[in-house]
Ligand code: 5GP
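What follows is a single chain, given as structure tokens, in the form predicted on its own.
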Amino acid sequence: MLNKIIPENSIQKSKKIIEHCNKIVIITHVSPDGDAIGSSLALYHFLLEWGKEVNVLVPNNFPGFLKWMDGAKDIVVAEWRENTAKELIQAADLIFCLDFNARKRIEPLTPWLEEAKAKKIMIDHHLDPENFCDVTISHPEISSTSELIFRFICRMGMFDVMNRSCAECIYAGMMTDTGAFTYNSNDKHIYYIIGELLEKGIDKDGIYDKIYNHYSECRLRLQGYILYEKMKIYEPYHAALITLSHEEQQRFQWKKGDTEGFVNMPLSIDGIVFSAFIREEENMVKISLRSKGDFSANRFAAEIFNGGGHFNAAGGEFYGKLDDAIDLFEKALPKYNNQLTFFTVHPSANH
């Protein structure tokens, strides 16, 4: 039996709003990942089965290894179709905000969302949600927004409406946001949900293969280069850093999604509890952070890079030079030396 997480009043209010709306838009965050695309397309298929007119909007393009999902070809990418995205938001009578907790996370869609007269429902699992929606379903203790979509559908008593395409997208989102169920995945209810998704006919092994076993040759060569040439270990702090310049990305014909999961690799080294991946983009530097156990990647992201995220998986942005972002990271490590050392020596400590 699945435990009840979402409050009943949120379910009933959401259901009433959906019943009275026909033009629905689903929006997720910039640089969409597996959970963002999975949760959005899962809700898309569910609402289509309900008889609604639905569109999914994303601020910019998403990785090719997610484009096998049913409905992915119909996603409106705002950076390519700005006018269409704006018109859809303006015409909507309901907007779902999925997998983001703050309006800045959907730039450049933010002004259009703020001006929209539509009802708004947030479903998300990040900390500290902003108060801009008519209904806010926020549960940071849940491993993924895709899991929340499953719970949302079931709590409305509409599990039977969920088709196989919806179930596949939910599983893809849950799997990618837990590293194929290797972290943030000790809750037994996750596996109850997987069992229910299997009842819908998903091929979980096939989904894994489509996401993790269809990279390019250039991506594999880039991975080898990063591990051999670009990984730096800070042994006193039990930390690791990987960096990648714009020039290096061009050398290996980088495309969106090619560095997915790279930040996790140093954590396989014995004694490393904190890993950072700093990658140069055209107008900024992107920071990804991962940690083991009770060291808060989220706190480091917030205090050093004005970022955020989950306890063990967070990130931020730096508007400056790559070398300056690296310098900022290195200078910050000594400030966290006690926590990093403590969590290495006492891995079972409570945060």
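Keep in mind that this is a model prediction, so the values were computed, not measured. Start at 1 and count along the sequence shown; that's the residue number.
Absent from the display: the form predicted together with the ligand. The rest refers to it.
When contacts are judged by a 4.5 Å heavy atom cut-off, Leu48 does not count as touching the ligand in the predicted bound form.
Not displayed here, the ligand is kept clear of Ile304 by more than 4.5 Å at the level of heavy atoms in the predicted bound form. Using a 4.5 Å cutoff between non-hydrogen atoms, Gly316 counts as a contact of the ligand in the predicted bound form.
Proximity of Pro63 to the ligand in the predicted bound form falls outside the 4.5 Å heavy atom cutoff.
A heavy atom within 4.5 Å of the ligand in the predicted bound form is found for exactly one of His126, Lys200, Lys86, Lys210: His126. With the partner omitted from this view, the residue of Arg299, Lys292, Lys286, Lys52 that lies near the ligand in the predicted bound form is Lys286 [heavy atom within 4.5 Å]. The candidate stretches are 39-47, 52-60, 65-73, 308-316, and the one lying within 4.5 Å of the ligand in the predicted bound form by heavy atoms is 308-316.
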